[in-house]
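Just the one chain here, the form predicted alone, laid out as C-alpha cells.
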Amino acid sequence: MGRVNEVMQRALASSVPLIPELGTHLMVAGGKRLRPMLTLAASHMCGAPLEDAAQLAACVEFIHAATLLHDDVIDESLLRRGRPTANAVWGNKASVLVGDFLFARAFELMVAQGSLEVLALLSATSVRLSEGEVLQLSMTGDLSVTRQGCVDIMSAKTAPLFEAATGVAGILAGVDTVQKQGLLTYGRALGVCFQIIDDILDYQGGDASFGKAVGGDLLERKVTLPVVLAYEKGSTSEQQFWRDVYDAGADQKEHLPKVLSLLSKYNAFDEAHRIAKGYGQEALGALSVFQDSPAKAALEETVHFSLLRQN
C-alpha cells in the first residue's frame, strides 16, 4: 500500500495548484482503501507482478475517488468520513472538474500498464459505474423498486469496481479462465454484500462512527434495500406513510423517527443482513478454485469484515 500511495501522489501532481490541493484533501480523508487492497491481495494470491499490481491498485482507487467527488455533488453532501466534503470546501464546480481529472489520470495509468485486456475491463467498469449512478438517480423516491431492483442498482453502481479490483489481478497473473471468473465473481458478490451493509449502516451508524448523518439516504430520497423490505411488509396505511415520506415535497428529517420504528418493526435490518450474508457466502465460494495461502485468507477475512463492520 505504501507503493500504491507513492503512485497516487505522483499522479496527483499538476501545475494547477487546486488539483493536488483538492485531491490530497480527498486522499488524506482516508477511508478503508479497500479496493486497492483487494487488487494487491488478489495479485499476491495469483502471483501477479506486484509493481504492475500497485499501479492498477492506484488506478482503481482513483476511479473510486472520482465517483466519490461526483456523488457528493449530486447528493449535496457536506460530510464524508467525519470531514467536510470537497464540494463543501471548494464548491461543486471544482469537485466535478477534479473528479474528471482523477478519471483521466486513472486511464493514463491503465494505458501505461500496457494490457488491452486490463484497459477493456477498467473502461467497461467506468461505463457501468456511470450507468449505475444514472439508474439510481432515475429511481429516486420510487417505491415500486423491488428487492431485485435494489440488487440491480448495487450491481451497477458499487459491485463493478470491486469486480475490476480483483479481476485485474487475474489478467496480470495470466491465470486460467476458471480462476479469472472466480476473481470476478468474488469481487461482484463482495461488492453487493458491502453495499447492503452500507445501506443498513446509513440508518444504524452514528455520525461519529459512520462519518455522515444518520438517515442520509432518506434525506436524499434513495430507496434502499431496508426500506424496500419494510415497505413490502407494511400495512396499507404504513405503505401510504412511506409514499408520503418519499414525496418530493416532504420533510424527510421530520419523519425519520417513524421510519426507524418501521424498519425495526419489520426486522428490515436483520433481513437485509441475511441477504448480504448470502452474497458473502457466494464470494467465499468463488475463492475455492485457488489454493490456500495467506493472501487467500486475507480475501476471505475481507468478506467477514464487510459483514461485521460498524462504519
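These numbers were taken from a predicted model, which means no experiment stands behind them. Residue numbers run from 1 along the displayed sequence.
Keep in mind that the form predicted together with another copy of the chain is missing from the display, and what follows is about it.
Although the partner is absent from the chain shown here, 15, 124 and 138 each have a heavy atom within 4.5 Å of another copy of the chain in the predicted complex. Proximity to another copy of the chain in the predicted complex, taken as heavy atoms within 4.5 Å, picks out 100-108 from the listed stretches 234-242, 160-168, 100-108, 183-191. Interface residue remark: residue 96 is counted as part of the site for another copy of the chain in the predicted complex, having a heavy atom within 4.5 Å. Contact between residue 19 and another copy of the chain in the predicted complex is found at the 4.5 Å heavy atom cutoff.
Proximity of residue 64 to another copy of the chain in the predicted complex: non-hydrogen atoms within 4.5 Å are absent; the residue sits far from the partner. The closest non-hydrogen atom of residue 202 lies beyond 4.5 Å of another copy of the chain in the predicted complex.
This chain appears without its partner; in the predicted complex, the one residue of 70, 255, 273, 44 with a heavy atom within 4.5 Å of another copy of the chain is 70. With contact defined as any non-hydrogen atom lying within 4.5 angstroms of another copy of the chain in the predicted complex, the contacting residues in 112-144 are 114, 116, 119, 120, 123, 124, 126, 127, 130, 131, 133, 134, 135, 137, 138, given in sequence order.
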